[in-house]
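Heads up, the chain below is alone and in the form predicted alone; it's given as structure tokens.
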């Protein structure tokens, strides 16, 4: 979901006049109004003086645990491709019960790592960064 201090009316206009032109049908998740910044305060992104939530992205697993977060000031946009890559990586790790982990730049179908004592000091033998970022 996306949360901001904007009203649900602003979200509706933003979805219809802006987001729907960037993503066919608009964003496929709820836009939530956080008037007063209570949710933003809990996540440390509410700017009380400005009365807004600073751009923050949180990946929260099904157990309610924050697995990743990114906070950006307004002049810099987020990288949706990186968000999707991270979601896929966390889903992969969860599906394998943690028996496989995803190195930097991992994409579905690329090399994963099997954590354990044998991997310590040997990541370089398994993971080839030049290949991972192709």
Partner chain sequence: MGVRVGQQAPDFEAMAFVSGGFKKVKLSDYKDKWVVLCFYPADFTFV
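In this text the structure is predicted, and so the values were computed from the model without any measurement. Positions refer to the first chain, counted from 1. In this text, the rigid core denotes the largest set of C-alpha atoms whose superposition between the two forms falls within 1.5 Å.
Just so you know, the form predicted together with the partner chain exists too; it's not on screen, but the next bit is about it.
Indicate whether the partner chain has at least one heavy atom within 4.5 Å of a heavy atom of residue 61 in the model of the complex.
Residue 61: yes, in contact with the partner chain in the model of the complex.
With the cut-off set at 4.5 Å between non-hydrogen atoms, does residue 118 touch the partner chain in the model of the complex?
Residue 118 lies outside the contact set for the partner chain.
Evaluate residue 40 for contact with the partner chain in the model of the complex, applying a 4.5 angstroms cut-off between non-hydrogen atoms, and reply yes or no.
Output for residue 40 is yes: heavy atoms within 4.5 Å of the partner chain.
Using a 4.5 angstroms cut-off on non-hydrogen atoms, would residue 75 count as touching the partner chain in the model of the complex?
Close contact exists here: in the model of the complex, residue 75 approaches the partner chain to within 4.5 Å, heavy atoms only.
Among 44, 36, 108, 98, which has any heavy atom within 4.5 Å of the partner chain in the model of the complex?
In short, 44.
Heavy atom within 4.5 Å of the partner chain in the model of the complex: which residues of 65 to 91 qualify?
Heavy-atom contacts to the partner chain in the model of the complex: 65, 66, 67, 68, 69, 74, 75, 76, 77, 78, 83, 87, 90, 91.
Once you overlay the rigid core, does the Cα of residue 26 travel 2 Å or further between this form and the one not shown?
Yes, shifts by 2 Å or more.
How about residue 111 - superposed on the rigid core, does its CA move between this form and the one not shown by 2 Å or more?
False for residue 111: its C-alpha shift is below 2 Å.
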